[in-house]
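The data below hold one chain only, encoded as structure tokens and taken in the form predicted alone.
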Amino acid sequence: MQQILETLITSAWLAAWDKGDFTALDGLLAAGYTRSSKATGATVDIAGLKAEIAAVRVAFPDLRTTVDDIVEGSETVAVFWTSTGTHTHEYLGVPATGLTVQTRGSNILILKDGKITKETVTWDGSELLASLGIRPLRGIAAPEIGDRAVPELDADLMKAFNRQFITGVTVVTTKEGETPKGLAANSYCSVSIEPPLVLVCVQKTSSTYPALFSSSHLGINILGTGQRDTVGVFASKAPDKFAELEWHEGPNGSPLLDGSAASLEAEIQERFQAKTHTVFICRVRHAEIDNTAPMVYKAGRFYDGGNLAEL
């Protein structure tokens, strides 16, 4: 009996996940079937399970799953599995990276009359993204105190706060194939010197955003006082922002802008999803410094960083 059960589970599992044959599940799942994730607490029915599998298969069309072990208890069956696939289409809002990932998980099945009535899984879709180095930032939803939701900070007040903060001006660059891409950003900072880590935040609506996910490296250029026009170029929707600019490649191919006060090339190591933006954590592999004074930004205006009055 155990051998027959293992064969049924394995064949249905592989047919659904590897081939998209959802009819294979119909004979295995009970009418009131539910699937719960320990990671998120979310629960879906049969239709929800099929939709989840379909979404994964679109994003990872070459997905292949191996059932590593099936252990039968008195009232439960535990399934241990490994899946491998290439991220070639958008998944959970993340553009295709072209990376091949491997993820593992285990499912606890409760059976009645030979059919699965309930399934608890240790895995959810975020595990696939984590294997790509993409992780959600937890705890950024509006908190609650008792039964009362804490109100969000007024947006105008937040903008007024930001206008009091002075930053440099950077252009973040990468390549999409052989095409250079870039955007203006002031949400850059150094994370540490040893090891040399930096971070930059990129809005998901940026035209450069998909290219950053398929890149292993990016460039960060601190603009100099002579590059005021360059800011406008990279803040625009121009199809070729590099057409009128002089630039050169870093050791790993990232575009570095000539005339910048400083430029670096860094290896992308982690990507954290934060609502409308993604935080890229990068390890610096190359840096160039010039004597040009940096451009300074405050409250929507640009200033000469070489003429600051010392306190």
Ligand SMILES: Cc1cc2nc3c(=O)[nH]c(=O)nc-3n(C[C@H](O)[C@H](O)[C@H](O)COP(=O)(O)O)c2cc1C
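Residue indices: 1-based, along the sequence shown. Here the structure is a predicted model, which is why all the values come from computation and not from measurement.
One more form of this protein, predicted in complex with this ligand, exists but is not displayed; see below.
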Find out whether any non-hydrogen atom of Ser215 is located within 4.5 angstroms of this ligand in the predicted complex, and reply yes or no. no
Any chance Ala184 has a heavy atom within 4.5 Å of this ligand in the predicted complex? yes
Considering non-hydrogen atoms and a 4.5 Å limit, does this ligand approach Phe302 in the predicted complex? yes
Taking heavy atoms and a 4.5 Å cut-off, does Val231 contact this ligand in the predicted complex? yes
Name the single residue among Thr117, Thr84, Ser190, Gln203 that comes within 4.5 Å of this ligand in the predicted complex, judging by heavy atoms. Gln203
Heavy atom within 4.5 Å of this ligand in the predicted complex: which of Thr76, Thr100, Ser207, Thr122? Ser207
Stretch in contact, per heavy atom within 4.5 angstroms of this ligand in the predicted complex, of 106 to 114, 155 to 163, 84 to 92, 234 to 242: 234 to 242
